[in-house]
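Only one chain is included here, represented as structure tokens and corresponding to the form predicted on its own.
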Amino acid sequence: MSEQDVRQSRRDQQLVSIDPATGEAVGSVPLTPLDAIPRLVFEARNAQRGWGALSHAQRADILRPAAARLKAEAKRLGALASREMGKPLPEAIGEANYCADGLASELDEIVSALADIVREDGRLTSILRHAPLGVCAAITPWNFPILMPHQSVLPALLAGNSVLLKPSEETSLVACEYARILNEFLPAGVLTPVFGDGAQGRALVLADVNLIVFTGSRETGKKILADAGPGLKRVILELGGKDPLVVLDDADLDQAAAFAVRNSFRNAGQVCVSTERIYVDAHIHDEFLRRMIERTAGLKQGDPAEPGVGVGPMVNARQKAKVLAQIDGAVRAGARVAAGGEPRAGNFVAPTILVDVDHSMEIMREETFGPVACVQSFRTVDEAVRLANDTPFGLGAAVFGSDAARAAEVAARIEAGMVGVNGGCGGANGSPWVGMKESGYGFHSGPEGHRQFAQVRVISRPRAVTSDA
């Protein structure tokens, strides 16, 4: 039976998860029947009434003990995530530990963000209250199979919503375990996992839900937005990226090359803010490329459970085929393979560097989501900015240059929701994760992001007047 046959098997109504490094079945979960979803939403709405009646602080206190449980099971969760999607084992365990270690502070941040805000103008006193929206459908991806459910479920729950969590069909097992741990502490029906593929996801979107939180491709995000439109449902979409890196003529080349290799090939390039387009000043292009090739040659690719492996497989054969098709199309159009490119068995794609690329090529326009870095030179900073902005995407970006003020000025001109100077695009603690253009519709994380999981209500009354008479 082929991988596709196994994944799509409806025998005994089970959804089977496959190890992309070995092709072996990892396990299965019960497939959620499509006709059961309206009932699950109805039950979630009933459970939400009691959950929503609690205060934000009470809901946080109920979830606090989950931190210790997540920490105790971090190695097991990480190992399961690694087997399901191919992330190197230390990175997968690190993902689980990150969620466990940060849970307490995350709860505190959400409670603070959702606290009442008082406004007064001398005539009225108004309270801005962050109330529950109702039922949330959280549809999460496979590339960060613990973190992405975590960042969608927690703020939705603390805002007083009940949640139906539909993880990717690639990583249902670890999501099931994550939900099981939280459900040890939550009231029944407040968090319900839904297992399946796009059919189950669309059924959730069309069901009687109030909020849809989705992380995934731009194409699917557009379909969700269209399906949510007739009901005017609240939607938060974190979509794809085609992140640029601009390397200025005064950049520290070792630092820039190290970042480029790490951010292009981390998680086999299956990261929404992976560096896919690299624009290098023509005066330093060759030396930068040499250092990047040298570092790429030092990467170890293989079974993610093996010690020292830094690059695992594509999540499945379809993703591998998509990446190879983009590489082949670029080479046919005149691109040259400077590193990698050799065939690999199974679902593996060698970390690949392409040069002699331009924006007529699909690989420079569409998200690759694989271990491929495209390097193009520029003559002027204006040209670099124009090339970086020549995309419908706008999630993350980076600019490297020794003159930090100059690099920051260039960064401010790049059309992306998050831009890093001499580093990655992630912000300081409390910063939102936000995209521009077709990379985002709404956003999450940080106080501003947490508030998008709630309904703002304004309650006003006349301001009390005191008299000395």
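Note that residue numbering begins at 1 and tracks the sequence as displayed. Owing to the predicted nature of the structure, the values given are computational and were not obtained by experimental measurement.
This protein has a second form, the form predicted together with ligand NAD, left out of what is shown; the following refers to that one.
Of the heavy atoms in residue 141, some are within 4.5 Å of ligand NAD in the predicted complex. In the predicted complex, at least one heavy atom of residue 239 sits within 4.5 Å of ligand NAD. Though the partner is left out of this view, residue 217 does reach within 4.5 Å of ligand NAD in the predicted complex, counting heavy atoms only. In the predicted complex, ligand NAD sits beyond 4.5 Å of every heavy atom of residue 364. Of the candidate stretches 155 to 163, 278 to 286, 125 to 133, 209 to 217, only 209 to 217 has residues whose heavy atoms lie within 4.5 Å of ligand NAD in the predicted complex.
Of the residues given (347, 168, 192, 296), 168 alone sits with a heavy atom within 4.5 Å of ligand NAD in the predicted complex. Interface residue among 223, 76, 290, 71, judged by heavy atoms within 4.5 Å of ligand NAD in the predicted complex: 223.
Applying a 4.5 Å heavy atom cutoff to ligand NAD in the predicted complex picks out 272 as the lone residue from 272 to 293.
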